[in-house]
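Next up: just one chain, as structure tokens, the form predicted alone.
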């Protein structure tokens, strides 16, 4: 059995149990959000972040259960300490909620929604759809389908 080979204890007293995050300052949490060329938040205190993920969109509040998830193309919303909301388009990436109530989101691509050019996003969607219709092999079809899904989410984000 794999778990016994890697040293997982078999007694119940030694098993780590999943639980809610420990309180880390009341109603705020340390939030880090970055993409390869931009750090948007670095251990900033925020109230909430809403994320699109492949397991469904969900909100993260202080004391959230520790979680690992994968970002899905869509809009990520951050509720800052003054209750202002900042929205970002993300293409993909990872979400980590730690037991100390800190949250890290690392995106492959991220851009504030107000910087999205709606007509350019629509052109990108048209090009991706044409590429999908021309794709012949399984790999080409999968890559083109991903491009279509990202472009559709980008167009939707441009309308916010």
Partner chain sequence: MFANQVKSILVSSSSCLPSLWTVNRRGMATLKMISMRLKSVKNIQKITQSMKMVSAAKYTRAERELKLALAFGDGSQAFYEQAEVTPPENAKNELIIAISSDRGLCGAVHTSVGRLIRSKLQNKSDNVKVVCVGDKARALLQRLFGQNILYVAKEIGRSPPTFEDAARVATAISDSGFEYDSGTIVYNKFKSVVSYTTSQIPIYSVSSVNSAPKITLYDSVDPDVLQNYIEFSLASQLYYAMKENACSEQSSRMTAMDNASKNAAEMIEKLSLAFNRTRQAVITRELIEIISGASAL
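Positions refer to the first chain, counted from 1. Source: prediction; values computed, not measured.
Keep in mind that the form predicted in complex with its partner chain is not shown, yet the notes after this line are about it.
With the partner omitted here, the stretch from 112-120, 129-137, 31-39, 44-52 that lies within 4.5 Å of its partner chain by heavy atoms in the predicted bound form is 31-39. Shown alone here, residue 63 lies farther than 4.5 Å from its partner chain in the predicted bound form, counting heavy atoms only. Taking the partner from the other structure, its partner chain in the predicted bound form has a heavy atom within 4.5 Å of a heavy atom of residue 69.
Remark: residue 107 counts among the residues lining its partner chain in the predicted bound form, judged by a heavy atom distance of 4.5 Å or less.
Residues of 94-116 placing a heavy atom within 4.5 Å of its partner chain in the predicted bound form, in sequence order: 94, 95, 96, 97, 98, 99, 100, 104, 106, 107, 108.
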